[in-house]
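The data below hold one chain only, encoded as structure tokens and taken in the form predicted on its own.
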């Protein structure tokens, strides 16, 4: 009966008596705290499940029941849900960050690693093969990873050519495998080689073949995005000035797994892929869950380009990047 109908008929608003209030409170405890179904509650109190539903709805409306959703302060539920809806994502986690945060970009990357580690602990199962790209965000994730289901861990690309290719360079993959008590398949090779012939030769090396041959088995992949600027992209930092500017003139604004993208998410330099050791976009498209890690305002436009590739069904990012993506 509507309010207007009540006014016409002289019906007064419902005021629950003490017994109904106590009974409703008991039903709410059963439903919200003990996890009982409305059918179970109806049977216990000798009423229909429809009346249970009405009583709970009325209690919520009148304030007898108050649902208090409390997230840790570092998680942004509203923007997380907005990103999930806007981009059709399965996983979307936004963590809070402030431009004036002490420690600046390094602290934001550390938070990104911690949140991403928590997500992996939550979603990785014993049936999974976990693929990790190389990058500073993955290196930030590594020490935060304290729990992980037993799984195989595969490195999805070589490491930066600007540092020695040694055990430290693949520590993230080795640690993830150690935490999960699984097998690690690292790639002891640079991401970018001087030419295609050298890259093809390295791809035939037994140790590298062992990892690359498992790209097709990966079920969950964690990928980072780089922007086209110094310190923001492994490929940018490895190239000379002339190549950097050439690719910039072609519209490059992002790098994902060694592949250069324009603002629309299209591959800019297909010839460069011959020089890299990394999982291909075709292989990534066959991975059921591909999570993008992105932090910092300087990577916001690059993150938007990465999402346009259609490769990703998950993201972990900070509020600054999320605001850009939702603008």
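Positions refer to the first chain, counted from 1. Keep in mind that this is a model prediction, so the values were computed, not measured.
The next section is about a form of this same protein that is not shown, the form predicted together with another copy of the chain.
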(Q) So another copy of the chain isn't shown here. In the model of the complex, which residue out of 253, 179, 184, 119 has a non-hydrogen atom within 4.5 Å of it? (A) 119
Q. Which residue among 266, 29, 286, 49 has a heavy atom within 4.5 angstroms of another copy of the chain in the model of the complex?
A. 29
(Q) I'd like to know if residue 63 sits close to another copy of the chain in the model of the complex, meaning any non-hydrogen atom pair within 4.5 angstroms. (A) yes
**Q.** Heavy atom of residue 249 within 4.5 Å of another copy of the chain in the model of the complex
**A.** no
Q) With a 4.5 Å heavy atom cut-off, would you call residue 219 a contact of another copy of the chain in the model of the complex? A) no
Q. Would residue 115 show up as a contact with another copy of the chain in the model of the complex if we use heavy atoms at 4.5 Å?
A. yes
Q | Partner-facing stretch of 293-301, 255-263, 38-46, 278-286, counted where any non-hydrogen atom is within 4.5 angstroms of another copy of the chain in the model of the complex | A | 38-46
Q: Counting only non-hydrogen atoms and a 4.5 Å cut-off, give the residues of 275-299 close to another copy of the chain in the model of the complex.
A: none
